[in-house]
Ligand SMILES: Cc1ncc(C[n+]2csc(CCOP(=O)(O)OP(=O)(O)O)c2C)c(N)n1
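The data below hold one chain only, encoded as structure tokens and taken in the form predicted alone.
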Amino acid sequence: MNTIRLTTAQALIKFLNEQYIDFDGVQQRFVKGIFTIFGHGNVLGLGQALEENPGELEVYQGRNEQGMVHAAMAYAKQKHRKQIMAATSSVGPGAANMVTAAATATANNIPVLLLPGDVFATRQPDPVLQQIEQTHDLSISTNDAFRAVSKYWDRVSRPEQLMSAMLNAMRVLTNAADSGAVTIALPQDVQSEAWDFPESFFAKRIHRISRRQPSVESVHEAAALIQSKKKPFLIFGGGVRYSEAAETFRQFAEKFNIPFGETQAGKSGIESDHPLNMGGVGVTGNSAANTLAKEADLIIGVGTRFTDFTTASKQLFSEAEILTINISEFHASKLDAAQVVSDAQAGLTAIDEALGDYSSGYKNEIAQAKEGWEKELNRLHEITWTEGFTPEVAGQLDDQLSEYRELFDSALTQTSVIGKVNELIDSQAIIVGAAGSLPGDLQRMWKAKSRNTYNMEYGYSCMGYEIAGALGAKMAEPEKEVYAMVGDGSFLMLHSELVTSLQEGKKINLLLFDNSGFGCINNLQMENGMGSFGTEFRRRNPETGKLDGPVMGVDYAKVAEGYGLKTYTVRTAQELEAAILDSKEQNTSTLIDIKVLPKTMTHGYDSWWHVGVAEVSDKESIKSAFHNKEENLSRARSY
């Protein structure tokens, strides 16, 4: 057996260079590059290997460990999981910073490879700098925290363990049914330790992502179920995008006249103006999709995990039967569904052939629902600061909104800004978002004019994904403009990868919606009987000792200008239009600081979200909210 003597880190880099994906006969390198933040736990191991011979791997300098993994995640998402980025950190706080991003990737089933440094396998310098000592178990390090949030976890304590660790890592990273974060912990001494690796370990490996075919029996059962129904309703999930099955889905819906709604992960798989595309469905869905879903006698979920937002906490289509087409047996089995376990394209194709001349019983309902939503959407585009608020909070708003309007010198509403942005940016531009009120407004309101232009992280609803995610999307599709739709709360959480965008010359555009608070959660508490408590950005009041003083004003444009971005501050629709048009002419990253009034988001359309409401309270408003929760819960599915 021929061998080659390399350090563990050198062998790892050499191995990563030889991994390829084959999907539908098309081959490409699987690992595009690696994000790095070096410290004592990885700089002399992986760092040395990357400096001396990175091969084809592109090396990027991150600014925050969580941020760089979010960028890697967005990259893989935009590439339909067919190409990924790796990320390495030092031991201790660097590794701990990546745990949140690992959880985000795993919750969304997006493959990322994490290579955190670890404490010494020999334990001779213990406790090494940044090491946690657990007196009950000396084998534990910070990296054990990744176990709960990784689809595969391993620690390479000897150089020869690298081979089985990395083969298993590739198995999970290329698993269409159960992918996510893969963590390979690398003790810093082992990284630099040499071993005689067999040359065969470095041979070109082609990982074929096959289209899993459905069983004949499940296809016949699915076809019979559909044929027995008059008003089926399709749900376009992220699995359809990752399967690259959008055309098959479209043809299926058109052939049998079945309307469909989109999940956050599925949105933009098919253009929004398609006659059968009702838009977002569920808690953050619109009236068209939710009305048809509620009236459907069969829900056909394709490539969806059926999260509580898609199902409106299992209440939206509680009376309908459920059929799932999903490559994951776990997700296919949800809601006690009839199951077709297969690749989305393969499953739809097989059922199509079995359905014969079936056609749904819809007449004018589809067009009427879509027209009704278009009317409401136009109203949202034109809404002013003085109207459109829910009755539950309307009485508390006058003084609050007047204060914000005076502070911001703005009358812009969030829904009108979204409409204007949707009108002005290029049809091929990609928008990226994550947590807060924006994902709900965008799933309802955003019209995707081109396919695969909506990159939303909502499986984990992780604040801080937006800006790093925009960088990752731009790296995946550098020829397109990319816009991060971010609230001021998320911007403050994490915006460090802005610097990486400047360093790499990867222009991203930040549309920062500043309402001086965590507006989404402020809505949630007030709509469930609470007052405004701890969610607005207010100064502490010396008289009350509470955070109920004046609203804080922050000039985010100046913050970004200090980094080197081209920035704008807008308070009117005219200023917004001028800023967007001018930002298109820039060659560097931009930030538009948009001062929007709170409470000017969209609200639920025939949907309900199950949240914990206090069962005991002295406030009548909370008692009422609890009663409402119990009533809705009684109408929801139990499993």
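All residue numbers are counted from 1 along the displayed sequence. These figures come from a predicted structure and were not determined experimentally.
Keep in mind the form predicted in complex with the ligand is missing from the figure; the text below concerns it.
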query = Should residue 437 be counted as a contact of the ligand in the predicted complex, where contact means heavy atoms within 4.5 Å?
reply = yes
query = Within a 4.5 Å heavy atom cut-off, is residue 515 in contact with the ligand in the predicted complex?
reply = yes
message = in the predicted complex, does residue 462 come within 4.5 Å of the ligand, counting heavy atoms only?
response = yes
query = residue 225: heavy atom within 4.5 Å of the ligand in the predicted complex?
reply = no
key: Partner-contacting position among 493, 103, 166, 411 - heavy atom within 4.5 Å of the ligand in the predicted complex   = 493
task = Go through 489, 214, 159, 419 and name the one with a heavy atom inside 4.5 Å of the ligand in the predicted complex.
result = 489
query = Quick one: which of 518-526, 172-180, 330-338, 497-505 gets within 4.5 Å of the ligand in the predicted complex, going by heavy atoms?
reply = 518-526
